[in-house]
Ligand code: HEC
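Below, in C-alpha coordinates: the form predicted on its own, a single chain.
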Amino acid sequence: MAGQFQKHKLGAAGIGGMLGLSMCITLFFPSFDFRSGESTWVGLDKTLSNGRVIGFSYEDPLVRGEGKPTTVVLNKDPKTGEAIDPPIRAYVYDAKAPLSAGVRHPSNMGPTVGKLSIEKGKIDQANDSDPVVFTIEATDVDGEEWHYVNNATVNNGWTAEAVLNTAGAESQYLIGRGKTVYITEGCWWCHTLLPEHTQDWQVFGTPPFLGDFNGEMPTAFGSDRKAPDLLHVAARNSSKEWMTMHFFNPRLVQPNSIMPRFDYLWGKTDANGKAIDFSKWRAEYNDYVSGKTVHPPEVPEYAPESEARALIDWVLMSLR
(Lines give C-alpha, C1' and ligand atoms only; values in the text may rest on other atoms or scores of the structure.)
Protein backbone atom coordinates (compact mmCIF):
# COMPACT_ATOMS: atom_id res chain seq x y z
CA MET A 1 0.00 0.00 0.00
CA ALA A 2 2.80 2.39 0.89
CA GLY A 3 4.38 1.93 -2.54
CA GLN A 4 1.11 2.59 -4.33
CA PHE A 5 0.51 5.68 -2.22
CA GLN A 6 4.00 6.90 -3.04
CA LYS A 7 3.24 6.58 -6.78
CA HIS A 8 0.03 8.56 -6.38
CA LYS A 9 1.92 11.17 -4.38
CA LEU A 10 4.54 11.57 -7.08
CA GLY A 11 1.87 11.75 -9.77
CA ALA A 12 -0.06 14.40 -7.87
CA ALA A 13 3.15 16.39 -7.36
CA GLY A 14 3.94 16.13 -11.08
CA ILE A 15 0.48 17.33 -12.09
CA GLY A 16 0.70 20.16 -9.58
CA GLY A 17 4.10 21.16 -10.94
CA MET A 18 2.83 21.23 -14.52
CA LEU A 19 -0.20 23.32 -13.53
CA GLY A 20 2.06 25.69 -11.62
CA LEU A 21 4.39 26.02 -14.60
CA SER A 22 1.50 26.67 -16.96
CA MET A 23 0.19 29.41 -14.67
CA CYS A 24 3.65 30.98 -14.49
CA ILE A 25 3.81 31.01 -18.28
CA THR A 26 0.31 32.46 -18.49
CA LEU A 27 1.13 35.26 -16.06
CA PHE A 28 4.79 35.84 -16.94
CA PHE A 29 4.80 35.91 -20.73
CA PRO A 30 2.27 38.75 -21.07
CA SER A 31 4.55 40.89 -18.93
CA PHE A 32 6.93 41.15 -21.88
CA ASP A 33 6.35 44.19 -24.06
CA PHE A 34 6.44 42.77 -27.59
CA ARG A 35 5.98 46.28 -28.95
CA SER A 36 9.70 46.80 -28.36
CA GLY A 37 10.21 44.57 -31.40
CA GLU A 38 10.44 46.53 -34.65
CA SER A 39 8.00 45.72 -37.42
CA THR A 40 9.43 44.39 -40.68
CA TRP A 41 8.13 45.13 -44.18
CA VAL A 42 6.13 41.90 -43.91
CA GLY A 43 4.57 43.02 -40.64
CA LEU A 44 3.63 46.40 -42.10
CA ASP A 45 2.17 44.75 -45.20
CA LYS A 46 0.04 42.47 -43.04
CA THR A 47 -1.35 45.19 -40.81
CA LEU A 48 -2.13 47.46 -43.77
CA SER A 49 -3.65 44.80 -46.04
CA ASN A 50 -5.65 43.06 -43.29
CA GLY A 51 -7.22 46.15 -41.76
CA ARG A 52 -8.19 46.79 -38.16
CA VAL A 53 -9.02 43.24 -37.16
CA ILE A 54 -9.60 39.92 -38.91
CA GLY A 55 -12.44 37.99 -37.34
CA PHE A 56 -15.33 39.02 -35.09
CA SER A 57 -15.61 42.76 -34.49
CA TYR A 58 -18.37 45.32 -34.18
CA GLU A 59 -17.64 46.45 -37.76
CA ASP A 60 -18.06 42.88 -39.01
CA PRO A 61 -20.27 41.01 -36.51
CA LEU A 62 -21.05 38.15 -38.92
CA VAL A 63 -17.37 37.76 -39.90
CA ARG A 64 -17.96 38.22 -43.62
CA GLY A 65 -14.80 40.20 -44.27
CA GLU A 66 -16.55 43.56 -44.35
CA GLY A 67 -14.79 46.84 -43.61
CA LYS A 68 -11.47 45.75 -45.10
CA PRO A 69 -9.06 47.80 -47.22
CA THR A 70 -8.22 47.10 -50.85
CA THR A 71 -4.60 46.36 -51.70
CA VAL A 72 -3.49 47.50 -55.14
CA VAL A 73 -0.30 47.19 -57.17
CA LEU A 74 0.73 50.46 -58.76
CA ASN A 75 3.13 50.83 -61.68
CA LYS A 76 2.20 54.48 -62.28
CA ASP A 77 1.87 57.51 -60.02
CA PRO A 78 -1.87 58.25 -59.85
CA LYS A 79 -1.23 61.99 -59.54
CA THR A 80 1.64 62.69 -61.95
CA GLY A 81 1.30 59.70 -64.28
CA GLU A 82 5.02 58.93 -63.94
CA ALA A 83 6.07 55.28 -64.08
CA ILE A 84 6.81 53.47 -60.82
CA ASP A 85 9.48 50.82 -61.34
CA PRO A 86 9.44 48.43 -59.66
CA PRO A 87 5.70 48.56 -58.92
CA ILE A 88 4.66 49.16 -55.32
CA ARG A 89 1.72 48.21 -53.14
CA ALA A 90 -0.77 50.79 -51.99
CA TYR A 91 -3.46 50.18 -49.38
CA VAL A 92 -6.76 51.95 -49.96
CA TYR A 93 -9.05 52.60 -46.99
CA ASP A 94 -12.47 53.93 -47.87
CA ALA A 95 -14.81 55.48 -45.31
CA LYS A 96 -16.14 52.01 -44.39
CA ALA A 97 -12.72 50.52 -43.60
CA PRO A 98 -11.49 51.36 -40.08
CA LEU A 99 -7.79 52.14 -39.80
CA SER A 100 -5.54 49.22 -38.94
CA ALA A 101 -4.13 48.61 -35.46
CA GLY A 102 -0.67 49.77 -36.51
CA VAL A 103 -1.97 53.12 -37.76
CA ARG A 104 -4.21 53.58 -34.72
CA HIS A 105 -1.44 52.65 -32.30
CA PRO A 106 1.98 53.37 -33.90
CA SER A 107 3.81 52.03 -30.84
CA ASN A 108 2.62 48.57 -31.89
CA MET A 109 5.01 48.80 -34.83
CA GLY A 110 8.04 49.31 -32.62
CA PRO A 111 9.79 52.46 -31.30
CA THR A 112 11.72 53.36 -34.46
CA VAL A 113 9.14 52.27 -37.05
CA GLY A 114 6.32 53.94 -35.12
CA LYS A 115 8.29 57.18 -34.81
CA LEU A 116 9.18 57.22 -38.51
CA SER A 117 5.56 56.50 -39.45
CA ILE A 118 4.44 59.58 -37.53
CA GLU A 119 7.25 62.00 -38.31
CA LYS A 120 7.88 61.09 -41.96
CA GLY A 121 4.75 59.13 -42.80
CA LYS A 122 2.26 61.48 -41.09
CA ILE A 123 -0.06 58.60 -40.26
CA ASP A 124 -1.39 60.60 -37.31
CA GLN A 125 -3.21 62.81 -39.83
CA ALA A 126 -5.39 59.89 -41.01
CA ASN A 127 -8.84 59.21 -39.57
CA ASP A 128 -11.64 56.69 -40.00
CA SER A 129 -14.12 59.10 -41.53
CA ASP A 130 -12.08 60.05 -44.63
CA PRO A 131 -10.70 57.75 -47.36
CA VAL A 132 -6.92 57.43 -47.18
CA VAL A 133 -4.12 55.65 -49.02
CA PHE A 134 -1.04 54.18 -47.37
CA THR A 135 2.23 52.88 -48.78
CA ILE A 136 5.32 51.35 -47.23
CA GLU A 137 8.45 53.45 -47.65
CA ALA A 138 12.09 52.99 -46.64
CA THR A 139 14.59 55.42 -45.17
CA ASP A 140 18.12 55.35 -43.79
CA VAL A 141 18.68 55.67 -40.05
CA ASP A 142 22.30 55.56 -38.92
CA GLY A 143 23.32 53.56 -41.97
CA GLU A 144 20.50 51.01 -41.61
CA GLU A 145 17.40 50.74 -43.79
CA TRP A 146 14.07 51.02 -41.98
CA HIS A 147 10.58 50.62 -43.37
CA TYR A 148 7.68 52.73 -42.20
CA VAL A 149 4.04 53.47 -43.07
CA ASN A 150 3.51 56.47 -45.33
CA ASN A 151 0.26 58.45 -45.56
CA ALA A 152 0.29 58.83 -49.34
CA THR A 153 -2.85 60.95 -49.28
CA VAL A 154 -1.04 63.66 -47.30
CA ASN A 155 2.55 63.24 -48.53
CA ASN A 156 1.88 62.29 -52.16
CA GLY A 157 -1.51 63.82 -52.79
CA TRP A 158 -2.98 60.42 -53.74
CA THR A 159 -6.73 60.05 -53.34
CA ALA A 160 -8.38 56.68 -52.86
CA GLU A 161 -10.43 57.10 -56.04
CA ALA A 162 -7.40 58.02 -58.16
CA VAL A 163 -5.36 55.07 -56.89
CA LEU A 164 -8.13 52.57 -57.63
CA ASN A 165 -8.72 54.00 -61.09
CA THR A 166 -5.00 54.00 -61.92
CA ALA A 167 -4.49 50.43 -60.75
CA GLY A 168 -7.56 49.07 -62.53
CA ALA A 169 -9.66 46.11 -61.43
CA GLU A 170 -7.01 43.58 -62.49
CA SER A 171 -4.51 45.00 -59.97
CA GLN A 172 -6.84 45.19 -56.95
CA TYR A 173 -6.75 42.49 -54.26
CA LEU A 174 -9.11 41.70 -51.38
CA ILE A 175 -6.39 40.37 -49.07
CA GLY A 176 -8.00 41.28 -45.75
CA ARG A 177 -11.30 39.70 -46.70
CA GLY A 178 -9.44 36.62 -47.93
CA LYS A 179 -7.74 36.06 -44.60
CA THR A 180 -11.15 36.29 -42.97
CA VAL A 181 -12.26 33.38 -45.19
CA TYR A 182 -9.16 31.41 -44.13
CA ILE A 183 -10.23 31.81 -40.49
CA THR A 184 -13.98 31.30 -40.84
CA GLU A 185 -13.60 28.20 -43.02
CA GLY A 186 -11.27 26.60 -40.49
CA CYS A 187 -8.32 26.28 -42.88
CA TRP A 188 -6.01 26.79 -39.88
CA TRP A 189 -7.11 23.43 -38.46
CA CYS A 190 -4.88 21.72 -41.01
CA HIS A 191 -2.67 24.45 -42.51
CA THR A 192 -0.33 26.41 -40.26
CA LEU A 193 1.24 29.77 -41.08
CA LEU A 194 4.42 29.19 -39.10
CA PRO A 195 7.37 27.24 -40.54
CA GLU A 196 9.54 26.04 -37.68
CA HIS A 197 13.24 26.68 -37.09
CA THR A 198 14.09 23.14 -38.15
CA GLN A 199 14.39 21.53 -41.56
CA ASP A 200 11.08 23.25 -42.38
CA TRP A 201 12.84 25.97 -44.35
CA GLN A 202 13.98 23.42 -46.93
CA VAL A 203 10.34 22.68 -47.82
CA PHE A 204 8.14 25.47 -46.48
CA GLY A 205 10.45 28.48 -46.60
CA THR A 206 12.13 30.76 -44.07
CA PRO A 207 10.59 30.88 -40.58
CA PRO A 208 9.09 34.30 -39.76
CA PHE A 209 10.59 36.96 -37.50
CA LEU A 210 8.90 38.53 -34.49
CA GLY A 211 8.51 41.79 -36.40
CA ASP A 212 6.46 40.01 -39.08
CA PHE A 213 3.48 39.95 -36.71
CA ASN A 214 3.41 43.48 -35.27
CA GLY A 215 -0.08 44.89 -35.67
CA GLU A 216 -1.59 41.69 -37.09
CA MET A 217 -4.90 40.85 -35.41
CA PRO A 218 -5.13 37.94 -34.91
CA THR A 219 -1.90 36.21 -35.89
CA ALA A 220 -3.65 32.88 -36.66
CA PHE A 221 -0.53 30.73 -36.67
CA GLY A 222 -2.65 27.63 -37.16
CA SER A 223 -3.69 24.70 -35.03
CA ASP A 224 -2.13 21.40 -36.06
CA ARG A 225 -0.27 20.77 -39.30
CA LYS A 226 -2.10 18.00 -41.13
CA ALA A 227 -1.32 19.59 -44.49
CA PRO A 228 1.49 21.80 -45.86
CA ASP A 229 2.32 25.07 -44.12
CA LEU A 230 0.96 27.99 -46.14
CA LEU A 231 3.13 30.93 -45.10
CA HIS A 232 5.17 30.93 -48.33
CA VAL A 233 2.86 28.81 -50.48
CA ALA A 234 2.69 31.40 -53.28
CA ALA A 235 6.48 31.24 -53.59
CA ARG A 236 6.13 27.52 -54.28
CA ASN A 237 3.06 27.76 -56.52
CA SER A 238 1.85 31.09 -57.89
CA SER A 239 -0.61 29.70 -60.44
CA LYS A 240 -4.06 31.24 -60.06
CA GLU A 241 -5.50 28.52 -62.31
CA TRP A 242 -4.13 25.78 -60.06
CA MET A 243 -5.44 27.49 -56.93
CA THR A 244 -8.86 27.94 -58.54
CA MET A 245 -9.17 24.24 -59.33
CA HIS A 246 -7.73 23.27 -55.96
CA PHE A 247 -10.29 25.21 -53.95
CA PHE A 248 -13.23 24.23 -56.15
CA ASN A 249 -12.36 20.53 -55.87
CA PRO A 250 -8.90 19.51 -54.59
CA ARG A 251 -9.13 16.13 -56.39
CA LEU A 252 -8.80 17.97 -59.71
CA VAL A 253 -5.12 18.59 -59.00
CA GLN A 254 -4.36 16.08 -56.23
CA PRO A 255 -6.39 12.88 -56.72
CA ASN A 256 -5.69 11.56 -53.19
CA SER A 257 -6.32 14.80 -51.34
CA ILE A 258 -8.49 14.60 -48.21
CA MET A 259 -9.19 18.35 -48.29
CA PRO A 260 -12.91 19.17 -48.54
CA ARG A 261 -14.38 21.03 -51.51
CA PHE A 262 -14.82 24.76 -51.17
CA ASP A 263 -16.90 25.24 -54.31
CA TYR A 264 -19.61 26.98 -52.29
CA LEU A 265 -17.24 29.94 -51.90
CA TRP A 266 -18.06 30.73 -55.54
CA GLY A 267 -21.56 31.77 -54.54
CA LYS A 268 -24.54 31.37 -56.85
CA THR A 269 -23.18 33.00 -60.01
CA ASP A 270 -19.95 33.01 -61.97
CA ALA A 271 -17.91 35.95 -63.31
CA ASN A 272 -20.43 36.51 -66.09
CA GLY A 273 -23.43 36.55 -63.77
CA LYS A 274 -24.57 33.12 -64.95
CA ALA A 275 -26.03 30.74 -62.35
CA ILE A 276 -23.65 27.93 -61.37
CA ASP A 277 -25.22 24.47 -61.62
CA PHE A 278 -23.26 22.63 -58.94
CA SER A 279 -25.26 19.40 -59.29
CA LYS A 280 -24.54 19.22 -63.00
CA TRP A 281 -20.84 19.95 -62.44
CA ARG A 282 -20.49 17.21 -59.81
CA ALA A 283 -22.32 14.70 -62.01
CA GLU A 284 -19.92 15.45 -64.87
CA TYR A 285 -16.98 15.17 -62.49
CA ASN A 286 -18.18 11.75 -61.31
CA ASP A 287 -18.36 10.65 -64.95
CA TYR A 288 -14.74 11.78 -65.34
CA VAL A 289 -13.61 9.92 -62.21
CA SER A 290 -15.40 6.75 -63.31
CA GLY A 291 -13.77 6.90 -66.74
CA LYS A 292 -16.92 7.71 -68.71
CA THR A 293 -15.35 10.96 -69.94
CA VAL A 294 -11.74 11.84 -70.71
CA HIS A 295 -11.62 15.39 -69.40
CA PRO A 296 -12.98 16.89 -66.16
CA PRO A 297 -15.57 19.68 -66.40
CA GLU A 298 -14.37 23.28 -66.52
CA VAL A 299 -14.29 25.10 -63.19
CA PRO A 300 -16.52 28.22 -63.25
CA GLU A 301 -14.67 31.53 -63.18
CA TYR A 302 -15.35 33.15 -59.82
CA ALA A 303 -17.23 36.43 -59.54
CA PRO A 304 -15.34 39.60 -58.51
CA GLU A 305 -17.14 39.86 -55.16
CA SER A 306 -17.06 36.15 -54.29
CA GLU A 307 -15.35 34.68 -51.26
CA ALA A 308 -13.35 32.45 -53.61
CA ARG A 309 -11.78 35.52 -55.25
CA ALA A 310 -10.87 37.00 -51.84
CA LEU A 311 -9.32 33.76 -50.60
CA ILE A 312 -7.21 33.31 -53.72
CA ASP A 313 -6.15 36.98 -53.58
CA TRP A 314 -4.92 36.44 -50.03
CA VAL A 315 -3.07 33.22 -50.86
CA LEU A 316 -1.27 34.59 -53.93
CA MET A 317 -0.53 38.12 -52.69
CA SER A 318 0.08 37.71 -48.96
CA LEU A 319 1.59 34.22 -48.63
CA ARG A 320 4.88 34.74 -50.46
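These numbers come from a predicted model, not from an experiment. One-based numbering along the sequence shown.
Form predicted together with heme C (HEC): not shown, discussed below.
Contact annotation: heme C (HEC) lies within 4.5 Å of heavy atoms from the stretch 241 to 249 in the predicted complex, the single such stretch among 80 to 88, 160 to 168, 241 to 249, 105 to 113.
Proximity of residue 118 to heme C (HEC) in the predicted complex: non-hydrogen atoms within 4.5 Å are absent; the residue sits far from the partner.
By the criterion of a heavy atom within 4.5 Å, residue 260 is counted among the residues contacting heme C (HEC) in the predicted complex. At the 4.5 Å threshold, heavy atoms of residue 218 stay clear of heme C (HEC) in the predicted complex, well away from it. Contact between residue 310 and heme C (HEC) in the predicted complex is not found at the 4.5 Å heavy atom cutoff. No member of the trio 76, 138 and 147 reaches heme C (HEC) in the predicted complex with any non-hydrogen atom inside 4.5 Å. Contact with heme C (HEC) in the predicted complex, judged by any heavy atom within 4.5 Å, is made by just one of 228, 205, 131, 208: 228. With contact defined as any non-hydrogen atom lying within 4.5 angstroms of heme C (HEC) in the predicted complex, the contacting residues in 176 to 190 are 182, 185, 186, 187, 190, given in sequence order.
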